[in-house]
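Just the one chain here, laid out as structure tokens, in the form predicted on its own.
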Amino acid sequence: MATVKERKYRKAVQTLLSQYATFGAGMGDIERQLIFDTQHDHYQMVNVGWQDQQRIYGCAMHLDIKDGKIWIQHNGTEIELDDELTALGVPKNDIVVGFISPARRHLTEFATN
């Protein structure tokens, strides 16, 4: 059974990714796919399709929930996901910017692990 905090963080992550999945719609034949693994708490937004004659495929955003914190594993956008999460009510000490080296995370205003 999920705790209140886990449910809140799942909703925040899903809301955030769902919101940004609608941006850029109609660019060529590119589909934004949302991948929500709520059993293991892995969440991604992936771009799939074609633009002109070029294949487009890649993870734009990847977030996990681990040990009661939201981990931003990848952010291939200019969107400040950490700030967006705090605006959704997630405290900074429960956000880990996982793509920053563990040795440098203390330089951020967010959690280190």
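Numbers for residues come from their place in the sequence shown, where the first is 1. It should be emphasised that the depicted structure is a prediction, and the values quoted were computed from it without experimental measurement.
Omitted from view is the form predicted in complex with a further copy of the same chain, to which the following refers.
Pick from I79, L88, I30, C59: which has a non-hydrogen atom within 4.5 Å of a further copy of the same chain in the predicted bound form?
Checked against the cut-off, the match is C59.
Is a further copy of the same chain in the predicted bound form close enough to H42, W50 and Q53 that every residue in that trio has a heavy atom within 4.5 angstroms of it?
Checked in the predicted bound form: all three residues contact a further copy of the same chain.
Is there a heavy atom of F23 lying 4.5 Å or less from a heavy atom of a further copy of the same chain in the predicted bound form?
Result no; F23 lies far from a further copy of the same chain in the predicted bound form.
Might D67 be said to contact a further copy of the same chain in the predicted bound form, defining contact as any heavy atom within 4.5 Å?
No, no contact at 4.5 Å.
Looking at the partner-bound form in the predicted bound form, is D37 within 4.5 Å of a further copy of the same chain by any heavy atom?
The answer is yes: D37 has a heavy atom within 4.5 Å of a further copy of the same chain.
Is R105 part of the interface with a further copy of the same chain in the predicted bound form - any heavy atom within 4.5 Å?
The answer is yes: R105 has a heavy atom within 4.5 Å of a further copy of the same chain.
Taking a further copy of the same chain as it sits in the predicted bound form, which residues of 76-102 have a non-hydrogen atom within 4.5 Å of it? Please list them.
Sequence-ordered list: G98, F99, I100, S101, P102.
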